[in-house]
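Here we start with a single chain on its own, the form predicted alone, put down as structure tokens.
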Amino acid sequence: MKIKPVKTAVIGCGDISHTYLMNLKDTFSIIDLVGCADMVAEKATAQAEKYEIKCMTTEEILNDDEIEIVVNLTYPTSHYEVSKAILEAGKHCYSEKMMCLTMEQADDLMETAKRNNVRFCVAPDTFLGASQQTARYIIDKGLIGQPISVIAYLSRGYHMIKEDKDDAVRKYSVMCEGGGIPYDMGGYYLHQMMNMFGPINSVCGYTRTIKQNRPYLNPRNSKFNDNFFVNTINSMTCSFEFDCGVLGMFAVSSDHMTKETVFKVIGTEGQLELGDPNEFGDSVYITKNGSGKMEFPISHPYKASSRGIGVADMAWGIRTDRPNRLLPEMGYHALEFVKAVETSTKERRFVELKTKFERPVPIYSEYYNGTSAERSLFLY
């Protein structure tokens, strides 16, 4: 029996839309990409022409009875408003990270999805990639013994706005409220850690914003040396404990001139070293007691950039009547975590997280026959 593809549209045609549109159009047979929209009509027109889909308005997408999934790729400040409209229209919503700006907005979105009996996913979906699923396999099979702790560190440079064309992207995606590095790149690390170890029960930590008023540093930008305002956290350090007993340390900063990534799991019988959780196919290494560092073979599919795999997984869930691997409770938990670190900073105390979720079903390598990667999504 042939399974009918799920008609899908995208709202938000910024930089990240290129990867989504390309993969949703060409990589996943379960997706029938039909249209895109943006508040800047020229952006939507350009993407529609490039990917041979229909240029639509947001209203046209929401009112089209054949469209079942809408992907929200707007700025963080617009996530709540756009996702709310998608869910109220009775459509399944897949939103870029984070879910929204506040826990009150998150509660409303979760209730709206439940009331309208529609699915709601929040990126990042990179934890469904080859590297991250291989790491999950290593943990689940006990190949480094019992996990003791996870250590993650990331530094990146968000302070350099490049040229005029990059101004809006930088200011409204990573410099605005809800768009700082704990919310932006932090989400990739949090989802992979939660994929490996499940929910977090408590956290303590510190956040700060370095140089809220700062100049444009690139002389190619017409606003060179003019000041702009950073309205978000750009550094965070915290310690936390998972329900399963694993201890964690996580630090991020967007005010470092170079990019550095550390992501390790320490076990009773060895150590696991992961790559960048923003990538799909980085190498994974194991150091066993008494031996040197060894590269572990990646046998899972989706080694290449597969952003949009979460949308495809949602579509397969719709057609086969099974849950999404990107559980809405997982996205909610990630937002709650960052908010809890903020509370810990202000009140100088441990903060307990209130929510729980079930670890997503892994993508097992034995489901992948080497010829059809999408088979691994179908076989849940």
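Predicted model only: the values in this text are computed from it and were never measured. Each residue number is its position in the shown sequence, starting from 1.
Keep in mind that the form predicted together with a small molecule is not shown, yet the notes after this line are about it.
> Using heavy atoms and a 4.5 Å limit, would one call Val361 a contact residue for the small molecule in the predicted bound form?
Replying inline: Output for Val361 is no: heavy atoms all beyond 4.5 Å of the small molecule.
> So in the predicted bound form, does Thr74 come within 4.5 Å of the small molecule, heavy atom to heavy atom?
Replying inline: Yes, Thr74 lies within 4.5 Å of the small molecule in the predicted bound form.
>> With a cut-off of 4.5 Å between heavy atoms, is Thr232 one of the residues that contacts the small molecule in the predicted bound form?
In response: Looking in the predicted bound form, residue contacts with the small molecule do not include Thr232, since no heavy atom lies within 4.5 Å.
> If you check in the predicted bound form, is Lys339 within 4.5 Å of the small molecule, heavy atoms only?
Replying inline: The answer is no: Lys339 has no heavy atom within 4.5 Å of the small molecule.
> Taking Asp15, Ser78 and Glu81 together, does each of them reach the small molecule in the predicted bound form with some heavy atom inside 4.5 Å?
Replying inline: Every listed residue reaches the small molecule in the predicted bound form, so yes.
> Pick from His191, His92, His300, Lys97: which residue has any heavy atom within 4.5 angstroms of the small molecule in the predicted bound form?
Replying inline: Among His191, His92, His300, Lys97, a heavy atom within 4.5 Å of the small molecule in the predicted bound form occurs only for Lys97.
> If contact means any heavy atom within 4.5 Å, which of 315 to 323, 34 to 42, 331 to 339, 344 to 352 contacts the small molecule in the predicted bound form?
Replying inline: That would be stretch 34 to 42.
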